[in-house]
Structures are given as C-alpha cells and as structure tokens.
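There is one chain below, alone, in structure tokens, taken in the form predicted on its own.
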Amino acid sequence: MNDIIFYAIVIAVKILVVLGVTLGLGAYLTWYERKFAGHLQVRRGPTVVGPFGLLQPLADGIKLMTKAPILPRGIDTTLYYLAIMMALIPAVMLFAVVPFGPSFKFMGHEIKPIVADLNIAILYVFAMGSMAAYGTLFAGWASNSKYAFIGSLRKAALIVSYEVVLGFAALSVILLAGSMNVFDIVNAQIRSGIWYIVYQPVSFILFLFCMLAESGRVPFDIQEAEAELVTGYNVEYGGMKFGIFPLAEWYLNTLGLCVIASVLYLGGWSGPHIFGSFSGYIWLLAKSFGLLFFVIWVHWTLPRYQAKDVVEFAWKYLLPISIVNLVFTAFLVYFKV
C-alpha cells in the first residue's frame, strides 16, 4: 500500500512538473522567436518590458486576457469553444511520453522521468498529432466564416498528406530498435554507440519536413496564409482564445516534435557526462532546441508555398521516398546486414 501511495505521488509530481515546464517554455518560446526574428532582420526584438524584454510574454498574456470577449454572429458556440481545447490538450498530452532523461534511484525506487512509459509511445505520438487537427477543423467550421473554413480544409489536407509520411519515417527507426517504447529506442542507440540519424538520414529529413507541416510552420502554413485568408482558421477568435492556437500549434506542438525527433534520431539524453547528474537533461534540451532553432530559421527565411504544391510534394515525392526507405530498412534488418 505504501508503494501505491508513493507512486501515486510521483505521478502527480511528474504531471505538475511537465505542465509547468511545457506551458512555461511555450510562453517563452514566443520571446525566443521574436528575438531570433529581430536579429535575423537586423533589429533588436523585445527590449522594453523587463530586462532584455524577458517579461514580454507576461505582458502579452495580460493583454490577451483583458481584451473584451467578442463572439461573432451565427457561430456554433459548443464547437467554437471545444476547438480551443482540442488544439491545446493534444499538444500538452504529447509531452506525456517524452523521456526527459535516464532513470534514477529515489528512496530505493527506480524513477523514470516520464509521465507515461508506454510500450506504444510512438503510436501515441501519432494519435496526439492527428487529434490536434480537430481543433483547427472545429474552429473553421464553427466560426461561420469562409476564410476560417477554407483554412481548416487546407489543414485537413495537410495532415492527411504528411501523417502518412511521418508514420513511414518513424517506422524505419522502430524497425531498427525493435520497439515503440521511447526508452528502448534511446537505450538501443546508447548500446550501439551510434545515433539512428547515421543509419537513417533519409528518414530524418522526411521527419523534418513532416514536423514543419504538422506544426503549421512556413513554408507549410497554408491554413493561415495571412495574405489570402486573414490568418485563416482562427480569424474569428479574439483575446486569449486567439492566443491559445499559436501557443499550441506553433510552440508546444513544435517543441514536442523536436523532442521526439531527438529521441528517435539523436540519441535522446545520451552524451558526455560533463554536467554531472544533469547531463542527460541538458543534452536532450540542447538537441531539441537545436532542432527548434532550425524550424524557426526556416520559418523566417523561406516563402510560403501554394496549397496544391504542398500537398503534391507529400504524395508525389515524400511518400514514395519514405516507402522505399522503409522497405530497404526492413530488408537490412531481416537479413541483419
């Protein structure tokens, strides 16, 4: 009974820590991106609110929460509010299967720094990624706006196209590790001494393309397309209701996929123990933010593609390449080449 109480407390602490860290990081990624974009465009970015502009996310949150609530006429109220939750909850739940570091001993018990150590963790990631699209679809349908509806349909086409490629890309890694458990995948790379990006460079590049598409980032942000759709699916949302969508899609979802990519291809928390007991956590954070740096760099560098080009690129090029790569990997694994 004491063990049951102990593990219940541990799980509760894990959930609170993950919620605090992810939502905090999501808020401050807005500051990070604005600073990055500022330096890229030879300007300073946020500098006024707090030292180095560090309190800018807090000021933005207060501004959004104090805006007058305005509801458009003719909306489906239930779906209108449900869309906000459907966008935010899957993005947060994605972090439930993120292994933040190696297991450690505490009071004679082995503790894994992960909320849910699932044997089908990668399948869970795909499920959460697919569910996040419902927030966009509900928002577009419920808003009673042709701009929002077109944006939501574009997002649906994008998800259907790139989820398939993402699945085939991750399956190549699963075949090498022989498991969908994230701890098993990282430990397999540690035992071999070689990260899977060496064995699967094609799969890694495919995953990067899908990560950009899943997060709605340029050049795949066809569901927003300000010049055509006036921000698209969330055009009829205001205040904090509007702010939750980019928080969930642009930041939490992107950060979660960057961490998963680090686990699948970059050895997760593996690295030299130069930071003591915190080495694993720091290495995972460094790898994830390295990928996030790439995503934001692409966002502020490339132009937006047309909707038809984005979908055709997935079906005509990325999907055949992912299938060939998966078959080739299966051949190597089967014959133990």
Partner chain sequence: MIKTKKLKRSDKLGLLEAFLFLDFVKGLSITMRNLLRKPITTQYPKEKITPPKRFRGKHGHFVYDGEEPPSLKAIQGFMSFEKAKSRCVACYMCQTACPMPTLFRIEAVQMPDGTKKVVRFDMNLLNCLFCGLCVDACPVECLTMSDIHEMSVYRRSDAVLNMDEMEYIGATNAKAVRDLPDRIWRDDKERETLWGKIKWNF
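Residue numbers count along the first chain shown, from 1. Remember, predicted model here, so these are calculated numbers, not experimental data.
The form predicted in complex with the partner chain is left out here; the points below concern that form.
- Message: Quick one: Ala96, Phe100 and Ser192 and the partner chain in the predicted bound form, is every residue within 4.5 Å by at least one heavy atom?
- Response: Heavy-atom distance to the partner chain in the predicted bound form: none of the three under 4.5 Å.
- Heavy atom of Ala68 within 4.5 Å of the partner chain in the predicted bound form: Ala68: no, not in contact with the partner chain in the predicted bound form.
- Message: I'd like to know whether Val298 contacts the partner chain in the predicted bound form, with contact meaning heavy atoms within 4.5 angstroms.
- Response: Taking the distances in the predicted bound form, the answer for Val298 is yes, it comes within 4.5 Å of the partner chain.
- Item | Partner contact for Phe294 in the predicted bound form: the partner chain, 4.5 angstroms, heavy atom | Contact with the partner chain, yes.
- Message: Is Ile205 near the partner chain? Define near as a heavy atom within 4.5 Å, in the predicted bound form.
- Response: Judged by the heavy-atom cut-off of 4.5 Å, Ile205 is in contact with the partner chain in the predicted bound form.
- Item | Contact assignment for the partner chain in the predicted bound form, among Lys308, Lys63, His273, His39, heavy atom within 4.5 Å | Of the listed residues, the single hit is His39.
- Task: Let me know the one among Phe209, Tyr199, Trp141, Tyr134 whose heavy atoms come within 4.5 Å of the partner chain in the predicted bound form, would you?
- Result: Checking each option against the partner chain in the predicted bound form, the one that comes within 4.5 Å is Phe209.
- Stretch in contact, per heavy atom within 4.5 angstroms of the partner chain in the predicted bound form, of 53-61, 280-288, 265-273, 31-39: Contact-bearing stretch, as computed: 31-39.
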